[in-house]
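Quick heads-up: it's one chain on its own, the form predicted alone, in structure tokens.
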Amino acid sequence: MLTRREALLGTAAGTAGAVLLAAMAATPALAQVPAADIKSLPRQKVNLVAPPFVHEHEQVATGGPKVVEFQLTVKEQPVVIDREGTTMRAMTYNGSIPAPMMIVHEGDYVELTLVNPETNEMPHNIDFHAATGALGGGALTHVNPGEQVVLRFKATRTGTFVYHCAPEGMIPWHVVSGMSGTIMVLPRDGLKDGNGKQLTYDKLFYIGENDFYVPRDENGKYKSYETLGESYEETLNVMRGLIPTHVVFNGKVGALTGDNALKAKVGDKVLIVHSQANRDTRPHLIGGHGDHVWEQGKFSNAPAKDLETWFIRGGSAGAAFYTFLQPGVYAYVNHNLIEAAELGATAHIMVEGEWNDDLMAQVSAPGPIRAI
């Protein structure tokens, strides 16, 4: 009898092969890449870092295009997703949810090595929403356990883009199990406001929002599983109900609150990149605003200004630029407040600095009601 791993591998391999052939036939330009010219470009190897932080990068590019090298290693692992210790059988890139952010400039070449260790159960690949052709690279990056692959694509469009795992027949399961991240393609001359004025950020916070679907037992307790294969059918049944059990920022309820709160100072100009690979969401900074917001993540479009809440479509990433003006704890939430307060989609930003009474002041402290 086939094991569940063998059955899933076999199904994915058969369909992926057909998709690969069709995709390559539909993109003959792949064979016309001027490889000699690309080989002459300078190369930069980047060590990715875990969210909510990002690797060192230039906001304004110096020099011409280059080949930027990244590596992602697939890690299938149990992950605790709330304060009660609920454990999900997760699938990740580099062990983090969301996967690390990659940053390049328009005209650069992204060269990704995708590694799927032999110890994993599942086949994996990667679909870059920033890429052109071959299912975003998904048709060219299918790797079974014990394999690796190298993909190169040219960053032709600026903006913030989702990437995610997309194995044929198992895409939703892989995505809602943690396999999504973000790539940001900056204009070579940096970010601009709607009037062409330079926007330079002091900090970049990367927030990935995920919806999880954890099965419960007959007593209503969340279930845990020894392997991915064992979790598959029951997780799929919960997914088909379209009601998440958790909606979280950066992989866990409370991942960005308390001791893990993000930190800034009054006067800091902060770029917040927010991604959601599966469902629509509505970020809101309580006590602040979006000075400049690229809701659709496209830096070639002029940003919206002075937004109270912005909209991130499922399967996309957006960016909001804000200068903090007051100290204190700011709650950054999905403004579906049920999902923020009850399911986990809340982060905190702790801002240090001097209070400005002109912007806000408590005129009188709480006390007895006075007769008028």
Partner chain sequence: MKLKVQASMAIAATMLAAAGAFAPQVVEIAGKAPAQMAAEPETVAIAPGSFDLRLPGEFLKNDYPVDAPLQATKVQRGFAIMKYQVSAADYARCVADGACEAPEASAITAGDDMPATGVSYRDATAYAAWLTERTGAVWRLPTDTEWAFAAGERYADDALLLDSNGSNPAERWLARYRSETGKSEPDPEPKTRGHFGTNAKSVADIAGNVWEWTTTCYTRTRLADGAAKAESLDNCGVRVVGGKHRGYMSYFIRDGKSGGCAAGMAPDNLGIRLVREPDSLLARFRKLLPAKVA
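Keep in mind the model is a prediction, meaning the values are calculated, not measured. Numbering follows the first chain given and starts at 1.
A second form of this protein, the form predicted in complex with its partner chain, is not displayed here; the remarks below concern that form.
Heavy atoms within 4.5 Å of its partner chain in the predicted bound form belong, among the stretches 338-346, 59-67, 317-325, 39-47, to residues of 338-346.
Residue contact check for residue 358: none of its heavy atoms lie within 4.5 Å of its partner chain in the predicted bound form.
In the predicted bound form, at least one heavy atom of residue 261 sits within 4.5 Å of a heavy atom of its partner chain.
Mapping the unseen interface onto this chain, residue 221 counts among the residues with a heavy atom inside 4.5 Å of its partner chain in the predicted bound form. Using a 4.5 Å cutoff between non-hydrogen atoms, residue 231 does not count as a contact of its partner chain in the predicted bound form. Contact annotation for the candidate site: 329, 366 and 370 all lie close to its partner chain in the predicted bound form (heavy atom within 4.5 Å). Heavy atoms closer than or equal to 4.5 Å to its partner chain in the predicted bound form belong, across 79-116, to the residues 83, 84, ordered by sequence position.
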